[in-house]
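One chain follows as structure tokens, the form predicted alone.
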Amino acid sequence: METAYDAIVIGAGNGGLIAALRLVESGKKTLLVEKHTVPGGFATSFIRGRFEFEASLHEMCQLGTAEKPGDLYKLFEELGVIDRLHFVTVPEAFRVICPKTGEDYSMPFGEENFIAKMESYVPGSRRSMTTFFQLGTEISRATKYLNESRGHPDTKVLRRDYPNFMRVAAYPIKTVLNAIRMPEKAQRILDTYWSYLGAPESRLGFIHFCIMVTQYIRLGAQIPTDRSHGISVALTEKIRELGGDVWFGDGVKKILTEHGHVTGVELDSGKVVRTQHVISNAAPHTVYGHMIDDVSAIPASELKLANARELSGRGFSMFLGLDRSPDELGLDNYSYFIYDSLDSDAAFASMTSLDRFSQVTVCLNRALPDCSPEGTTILYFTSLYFNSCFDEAATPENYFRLKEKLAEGFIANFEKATKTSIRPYIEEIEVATPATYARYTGAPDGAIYGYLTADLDNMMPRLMRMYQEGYMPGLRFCGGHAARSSGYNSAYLSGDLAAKLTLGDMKEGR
């Protein structure tokens, strides 16, 4: 028997969960379909021995607190789930180390603290750093106005109220930082967070970078006490409480169309579910390449855009459970950015090879002391490859040897950079490669950051395009491959945006 819904959401990742919750909260009969047996996608955890490992989350940078809420806190509050979630604030912004040059910088949260610390490292940087934060304030206000104008802003208002936004909107990070005369050394320290956005300073839009960094420093960063999977479960429960349906263990095989418009979905089980509106947490590459029943229904502009896009970083992660405490190991920080070069363009170029071991490593116990048994430590290692070098090197015969070789390299680089010894104390180890992420999340080639947010595919062109014609009627996207780009906060917010656009489509009969 066929059933019908006002909307169907494909995939219970961060974006899909929020999209489904917004739809059902708005009174729409909604079905969330997830191929896996648990919600979350990347936002989940797993057990090895006596350790519970977080699969991907390092920190959330647009959350804030009840006293100082960010956009994500307000969204969780509006959707009625904030009281079910518990967070702690990460102790410091970051520590960045370059073993090749011996550079080692630790930066705090708080705008004034951050500027003062930068001035101590780079005398004469205070003025340009102050300008950077001032730009962040104006840019945040301007992007809010753009969202409220739904792609039709008044240029007179932009020129009058947001003149500096207009001056910098089209440029990459490097161009703007040079224009405000930020010293080169200060630029390289500030650029530390580039790897969380997945593009270097010469290609990543200044708008995207400035919003993320200024909010991160001003609001601090938080992590959930129940791991990211706790958020996923809370969102799933709320959807069901409001009357939404969530089906696990049965993925969408086909999106059905008629005369170019979505008419339903066919599931792996053979069930057919009718709807006029689908929001996909799966990537456009996956949807257009494998899921649309009639490829002639796909708008030519959408195929052209998907084929023109460049996949972002392919994920490599390592999870260690150590049988010593952080104090015993000499691990004083929460996050360690260990780069071969503090020049983001050089670092980006080096990440096309398996013979480098740049990484972001998190000691979770420094934020959550009881995240593992007393006297133990959890470390997460994350790195990216910006091409298919892993797939080209891996074969069925050498896959496990290759994982072991890479794990050895990342551990050795961490020990060298931090001047600590962790190898003798490894009790549990798990390694996730691009193949792992492709298998468990469906991310094309294991690209955990979606499409590369760079050049003409930066955040501003993506956001402006959302309100233009060209999409397949009845189909919207959310998650890391959508307009807001990758990252936990972006994925959650993209789900809300996709749901609101879908509600608008429903209202206008599209």
Partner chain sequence: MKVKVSLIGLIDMLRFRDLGKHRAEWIEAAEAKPLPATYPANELAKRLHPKHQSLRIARIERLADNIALFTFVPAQEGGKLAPFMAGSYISLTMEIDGSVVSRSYSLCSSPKAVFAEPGCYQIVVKRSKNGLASNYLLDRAKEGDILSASDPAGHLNHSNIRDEKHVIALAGGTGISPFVAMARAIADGVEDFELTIIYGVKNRSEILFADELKAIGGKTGKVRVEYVLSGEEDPAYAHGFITRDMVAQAAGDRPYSVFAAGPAAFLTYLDTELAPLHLDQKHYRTERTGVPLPEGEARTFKLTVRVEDEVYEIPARSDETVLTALERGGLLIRNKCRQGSCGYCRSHLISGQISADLPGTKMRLGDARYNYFLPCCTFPLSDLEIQVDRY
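Positions refer to the first chain, counted from 1. Computed from a predicted model, the values in this text were never measured in an experiment.
Form predicted in complex with its partner chain: not shown, discussed below.
Handout entry: in the model of the complex, segment of 327-335, 127-135, 190-198, 255-263 with a heavy atom within 4.5 Å of its partner chain
Key = Stretch 127-135 is the one.
Exercise for the section: With its partner chain left out of view, choose which of Arg150, Arg274, Lys416, Arg84 has a non-hydrogen atom within 4.5 angstroms of it in the model of the complex. Expected result: By the 4.5 Å criterion, the partner-contacting residue is Arg84.
Exercise for the section: Find the only residue in Ala179, Ala412, Ala349, Val88 having a heavy atom within 4.5 Å of its partner chain in the model of the complex. Expected result: Here the answer is residue option Ala179.
Handout entry: Contact flag, Tyr105 vs its partner chain in the model of the complex, heavy atom cut 4.5 Å
Key = The answer is no: Tyr105 has no heavy atom within 4.5 Å of its partner chain.
Handout entry: Tyr121: touches its partner chain in the model of the complex, heavy atom cutoff 4.5 angstroms
Key = Although its partner chain is absent here, Tyr121 would stay clear of it in the model of the complex, with no heavy atoms inside 4.5 Å.
Exercise for the section: Report yes if any heavy atom of Phe42 sits within 4.5 Å of a heavy atom of its partner chain in the model of the complex; otherwise report no. Expected result: Phe42: no, not in contact with its partner chain in the model of the complex.
Problem - Residue contact check: Pro434 to its partner chain in the model of the complex, 4.5 Å heavy atom - result: Pro434: contacts its partner chain in the model of the complex.
Handout entry: Any residue of 406-444 that, in the model of the complex, places a heavy atom within 4.5 Å of its partner chain
Key = In sequence order, Ala407, Glu408, Ile411, Arg423, Pro424, Tyr425, Ile426, Glu427, Glu428, Ile429, Glu430, Pro434, Ala435, Ala438, Arg439, Gly442, Ala443, Pro444 come within 4.5 Å of the partner.
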